[in-house]
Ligand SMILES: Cc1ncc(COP(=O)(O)O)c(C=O)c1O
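For reference, the chain that follows is the form predicted alone, supplied as structure tokens.
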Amino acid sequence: MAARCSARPPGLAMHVAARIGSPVGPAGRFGFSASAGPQPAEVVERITDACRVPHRSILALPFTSPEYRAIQAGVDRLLRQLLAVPDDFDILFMGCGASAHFALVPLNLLGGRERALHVLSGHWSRRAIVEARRYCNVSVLSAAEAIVAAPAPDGAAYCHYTSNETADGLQFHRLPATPLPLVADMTSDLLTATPDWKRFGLVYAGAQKTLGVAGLSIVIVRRDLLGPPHPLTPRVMAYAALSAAASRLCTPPVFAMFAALCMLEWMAGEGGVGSMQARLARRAAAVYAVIDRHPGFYRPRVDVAWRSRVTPCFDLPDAARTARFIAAAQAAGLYDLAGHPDVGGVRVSLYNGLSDDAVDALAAFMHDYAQRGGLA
């Protein structure tokens, strides 16, 4: 058989990769995207090496293999260790985004009841409410109402809230005060603090922000809540069935699970969740210090008591100046600072894998830019 020619045109994939990897600005290139968190260099190296293994790289590893089962067991063990997950909770691994659980939570947790309580605190909690209303009646509390004692609506199965609103820059620093089991979307702040598991019935999160790459969502659920789902729930989306099948009812996201394992091992080596929490507090303080130093220039979205440590959001005096700030930041190598398309403004994402150098470069740029009044 004739040897195949190895010289191929670079194609779009190589072109995009070259653009992503090219250094820009005096400090290089730093990304602050809210949709996908960065991974530390050593994690990237481990993932890259696993992709280059001849004949059986992580990209082609069967989920039926003992190697994959070891990966899944490692992710489960480290999540339990780092988050102090009690023994009466199951951890499920699913090949979907966190938004899928806006529907899957009512389908799986209503248990024949017809009502749920939701806390409205911003963009993502609003989307969860819209989806839940397709399956049940939804009673709504504001964020301020939720943290004071509030009676549970008759017949409500649970209380859903979004612990950190990435589009709005709002984070809960106190839990909703309700006797109902709490259901939390922790996609953007999982592994930045240890939850009070006595209050929670279920926590879910997409992995791409604090835990690895897109394609994996994690559900941590109290076993006594794993009852029969709504009859029309697809079996591969039924929490109880997934629990019984060790999250392998269908092909799991093998690559995303390996990336999660690499990130969890890195976090454990860095000192665990306590270290991540302290690091996040320092980084958020550095960003907010610049914002508060220039109050007429940078305008935070929410009151101090609700400020997000994970995704500080702010505005400039008008849309034109906001656009100029984002363009100037990109020219300096500071990428992905534009706010959510539905909200606008500026958004800084301080996920676990971000480097201290990135935060230092951003804080210095923000101060210098405000000192110059936004002039180039």
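Worth saying up front: this structure is predicted, and the values here are computed from it rather than measured. In this text, residue numbers run from 1 along the sequence as written.
The form predicted in complex with the named molecule is left out here; the points below concern that form.
**Student:** Is residue 121 a contact residue for the named molecule in the predicted complex, using a 4.5 Å heavy atom cut-off?
**Tutor:** Contact check for residue 121: no, nothing within 4.5 Å of the named molecule in the predicted complex.
**Student:** So, residue 81 and the named molecule: in the predicted complex, are they within 4.5 Å at any heavy atom pair?
**Tutor:** Result no; residue 81 lies far from the named molecule in the predicted complex.
**Student:** Is residue 97 near the named molecule? Define near as a heavy atom within 4.5 Å, in the predicted complex.
**Tutor:** Within the cut-off, so yes.
**Student:** Any of the heavy atoms of residue 188 lying within 4.5 Å of the named molecule in the predicted complex?
**Tutor:** Residue 188 belongs to the contact set for the named molecule.
**Student:** With the named molecule left out here, work out from 105 to 113, 294 to 302, 129 to 137, 180 to 188 which stretch has heavy atoms within 4.5 Å of it in the predicted complex.
**Tutor:** In the other structure, the partner sits against 180 to 188.
**Student:** Decide if the three candidate residues 279, 349 and 352 all line the named molecule in the predicted complex, where lining means a heavy atom within 4.5 Å.
**Tutor:** So, no: the whole triplet misses the named molecule.
**Student:** Is any part of 339 to 353 within 4.5 angstroms of the named molecule in the predicted complex by a non-hydrogen atom, and which residues would that be?
**Tutor:** Not one residue comes within 4.5 Å of the partner.
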